[in-house]
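Read the single chain below, which is given as structure tokens and is the form predicted alone.
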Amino acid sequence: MKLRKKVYIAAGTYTISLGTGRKEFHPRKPRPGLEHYIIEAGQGVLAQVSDPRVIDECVVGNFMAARFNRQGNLAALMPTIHPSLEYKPSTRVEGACGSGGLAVMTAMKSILADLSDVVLVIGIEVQNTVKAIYGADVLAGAGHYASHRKNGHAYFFPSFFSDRAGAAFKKYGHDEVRRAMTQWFVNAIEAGRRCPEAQEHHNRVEDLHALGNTPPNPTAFVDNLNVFDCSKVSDGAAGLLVLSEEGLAKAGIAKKDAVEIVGCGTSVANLTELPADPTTLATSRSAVEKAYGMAGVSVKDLAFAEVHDCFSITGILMAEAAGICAQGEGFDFVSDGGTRPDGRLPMNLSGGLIGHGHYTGGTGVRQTVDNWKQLTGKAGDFQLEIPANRPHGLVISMGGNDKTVVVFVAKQA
């Protein structure tokens, strides 16, 4: 199935990913809240259009503001961005860490249904409001809380992906897998240093390999991951426009400043069940195959990929789910530099979730903004040269333990 008409992404922006590692962050000092980030990201988008009044509707992606911030009804915060948004339709969507991807998909559906020509999308999370151990319990809502939480680890999601790493150790060899996980961390931090808004932008550790190879401490954390294998707790927001061809004209945006979404795929797996094979991301693979099929492309047509690396092991398994390499081959692929900017298929060029930060409900929007930046030549110090014969970028936005996945394939407009 093909999209019935062209859909574009433009006017992307994001805030600093604020949390430990940023010089601006201090856990005991007041920090910006939801309203601040929605306004900052929203006004960053509106600064790139001819007239804010052309926006037909809004979508906001968020995971757990009701618990992290005691605030629901985020859709009604969108008019704080600009008076012209008062009385415009606005919707909040949630799909755990995939909420941002779902927000972009929701906006696409309005464009395809001829309900709107210009949709403002914001993805946001402010989660440095509680201690990490309490935040782990909030984030456990991305899994099936009723059946898995009671007997689960205190660090609920790190434990799930620690189990995936442990299964990979047994199946493919500890040293090979650990080497790749460490290299993924190194790549993420080096990429984050090239992106001014990234949470790891200020990281100046000299020996990243030694840091990334820190032995796990099961008594304080989980069995098979160290803290550097994990994305950090982050506050931030990202914003963009989803537009029809008519919407581009209304917004005064040239096609050279937009990218076209040519394929998308969404897959959801049973939240109550654990993965049959912890060494594969089967739901992500399903969504990727749908997106490739709609776009009429294969992995050979990609210039780069933005994937959900909530943990280092996840990023490697994502390379396999995307078809960049076969199952079991992702570890050597990463260790040998295949995902680096000069590698066979560069991935997560602004740092991904580990290097850039993971403001959960907004990450899928941020990934889509980075896709737009790369394909329009706006990525600054982390810009990749896009080959003429491979003008496509991939985004994989994942929620939970590979349970809710949204995938986009975009190309230069």
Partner chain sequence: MDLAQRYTNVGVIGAAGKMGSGIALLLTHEMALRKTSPGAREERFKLTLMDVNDEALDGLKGYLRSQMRRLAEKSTVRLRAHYADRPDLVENGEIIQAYVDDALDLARFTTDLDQLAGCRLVFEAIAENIDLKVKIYKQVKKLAPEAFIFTNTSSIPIRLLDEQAGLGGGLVGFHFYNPPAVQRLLELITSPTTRDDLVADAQQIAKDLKKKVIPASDIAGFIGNGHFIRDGLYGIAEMEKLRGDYGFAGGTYMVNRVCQDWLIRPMGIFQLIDYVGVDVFQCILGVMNQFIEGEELHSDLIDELMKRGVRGGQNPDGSQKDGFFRYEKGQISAVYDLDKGDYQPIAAAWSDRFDKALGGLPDGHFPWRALSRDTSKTAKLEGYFGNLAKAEGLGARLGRDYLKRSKEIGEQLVSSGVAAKAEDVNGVLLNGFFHLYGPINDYA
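Model, not experiment: these values are computed from the prediction. Residue numbers count along the first chain shown, from 1.
What comes next is about the form predicted in complex with its partner chain, which does not appear here.
Residue contact with its partner chain in the predicted bound form: K88 places no heavy atom within 4.5 Å of it. In the predicted bound form, N270 stays away from its partner chain, with no heavy atom inside 4.5 Å. Its partner chain in the predicted bound form comes within 4.5 Å of no heavy atom belonging to K290.
Taking the partner from elsewhere, L115 is found to have every heavy atom lying beyond 4.5 Å of its partner chain in the predicted bound form.
Contact annotation: its partner chain lies within 4.5 Å of heavy atoms from the stretch 126-134 in the predicted bound form, the single such stretch among 257-265, 76-84, 91-99, 126-134. Interface residue among R179, R193, H153, K250 relative to its partner chain in the predicted bound form, by the heavy atom within 4.5 Å criterion: H153. Taking its partner chain as positioned in the predicted bound form, the only residue of 34-68 that brings a heavy atom within 4.5 Å of it is R67.
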